[in-house]
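Okay, here we've got a single chain as structure tokens, the form predicted alone, with questions on binding and movement later.
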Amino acid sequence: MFCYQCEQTYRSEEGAGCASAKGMCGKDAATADLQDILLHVCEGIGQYLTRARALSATDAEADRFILFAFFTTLTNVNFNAAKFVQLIQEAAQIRDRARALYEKAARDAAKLPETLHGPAAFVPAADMNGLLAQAGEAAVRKDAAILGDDVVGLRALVLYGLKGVCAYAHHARVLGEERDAIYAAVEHALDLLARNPKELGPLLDEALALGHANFAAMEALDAANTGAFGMPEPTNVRVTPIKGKAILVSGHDMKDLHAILEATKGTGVNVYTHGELLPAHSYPKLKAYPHLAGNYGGAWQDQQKEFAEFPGPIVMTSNCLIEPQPRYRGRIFTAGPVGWAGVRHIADEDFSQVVQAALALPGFTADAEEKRITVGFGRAAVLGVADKVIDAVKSGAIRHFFMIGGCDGAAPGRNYYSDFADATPDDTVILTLGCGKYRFNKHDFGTVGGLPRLLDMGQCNDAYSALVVATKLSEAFGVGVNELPLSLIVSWFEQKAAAVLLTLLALGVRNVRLGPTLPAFLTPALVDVLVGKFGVLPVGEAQADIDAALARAA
């Protein structure tokens, strides 16, 4: 096992990376190795599909499988080794189908099909022991001794960015939004990785191409969510429980939440959101359900304590699962790409057994003191008051915007983001998205220029909304995004954040503050490239970083 894909990876003076029996996320060595093999076989699918596509032949089901397969390998998604044995066998069958598709397309075009090597020709063993014996062929750092850490690190940036693209695209797909250009970009990246690239230039170009693909994936996801559930609008959300039976829904998947709201209609069971599903309360077609009672708890890393105290079943959708504890293991369910061995999994969107569990469990026995926060400042809400925003900036009432967004985590140093938010001057606005906001979203920041100083734009999945707002404001002021009175303070944890960073770089956004630590797969030389070429900066001390941002804007 070797894995260094997320921010929490093990770090020591000897280097960084989880390489023992269990990673920092709780993923065991067998699961980690099987995930590497699954991605290796998917590279083989990409080898054939990218050549078939060049001959106008495509396989939509194979493309969809790649999205799902990659999503299962993100941090805190699926820890079930047996599931990966199954997915590897399925991937091999799909790769064989892709080979047949390509060879037929070539023959139809009167061309001789290429004989492909590498992942295209890899034959996975039939059982887990056999697969684990093959893990060295698919290991993420298998060429490090030959090619050096810079090439391997940049390959990892492409691979992990690709994971983020696939996750966003999968979220959009389950709601019916697909973009052929995204599939083409995914196949292209897989084909490149399968060829074991050795040059830094093409790898950096591919990383930026994935940044553009991720922008398209985020646009598709935005269209999927707003198309299905309406445009988010400012909404006051209860963050304390009320008496009654209860279900807690965590993760990011709006479709699963909607299915649970439908399944609980008329049952008397209240539904609470957790973590990144907080913004669901701002979607008109979701908040129309009166039993969407409120938000419970905070960010993902607190789930073991919060889930243990929740008096009903819990459904973990999409990602952010950490090891279920005995106190709630019997009442947690997984859905979609999420999995844990021994935990009940719902694969068909039939949540009736969750409803039965809620009715059998005690629920909350009394109302807690009522507390509320406001969410729902997506692109439509912010741009709806664009005239007020522009006037406030021109009059000097608003001096600066700070986008403080991204993932939360358990590692030390993340108090930087709450310290930063609390220290921002009163004549500035804080835009936020992602679960990092749980560190300060219940603080009272007051108002400025007739607007709340804290504007919650949604999930990490809503980064598109923030980019649209920045673009529209730059058009209104007649300047580029980098000339706006706007600073981006990004906290990263896993691979969707890596994809968003690539999008920012691809779109030419400079001076992004990234933390709390820089990705372990980026060597000092690669960090120098990001600093020199894109102005990426590590986070420092909160007040000093605020002062630097305001000085740069002055």
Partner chain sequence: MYKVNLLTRDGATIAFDAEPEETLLAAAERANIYPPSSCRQGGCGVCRVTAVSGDITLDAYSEAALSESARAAGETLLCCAHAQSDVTLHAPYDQQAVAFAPEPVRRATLVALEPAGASAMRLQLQYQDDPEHGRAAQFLAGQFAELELPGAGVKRAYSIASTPNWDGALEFLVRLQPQGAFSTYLRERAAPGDELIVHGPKGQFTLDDASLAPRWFVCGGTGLAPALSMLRQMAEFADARACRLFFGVNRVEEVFARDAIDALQAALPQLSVTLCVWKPESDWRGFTGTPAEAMAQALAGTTEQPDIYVCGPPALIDAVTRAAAGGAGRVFCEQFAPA
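Positions refer to the first chain, counted from 1. Computed from a predicted model, the values in this text were never measured in an experiment.
Keep in mind the form predicted together with its partner chain is missing from the figure; the text below concerns it.
The candidate stretches are 358 to 366, 219 to 227, 392 to 400, 462 to 470, and the one lying within 4.5 Å of its partner chain in the predicted complex by heavy atoms is 358 to 366. Of the listed positions (K255, K142, R329, R238), a single one reaches within 4.5 angstroms of its partner chain by any non-hydrogen atom in the predicted complex, namely R329. The partner is absent here, but in the predicted complex a heavy atom of R344, alone among K287, R344, R195, H188, sits within 4.5 Å of its partner chain. Although the partner is absent here, L154 sits far enough away that none of its heavy atoms falls within 4.5 Å of its partner chain in the predicted complex. Shown alone here, L203 lies farther than 4.5 Å from its partner chain in the predicted complex, counting heavy atoms only.
Put simply, M128 is close to its partner chain in the predicted complex: some heavy atom of it is within 4.5 Å. Residue contact with its partner chain in the predicted complex: I146 places no heavy atom within 4.5 Å of it. In sequence order, A81, A82 are the residues of 58 to 94 having a heavy atom within 4.5 Å of its partner chain in the predicted complex; the partner itself is omitted from this view.
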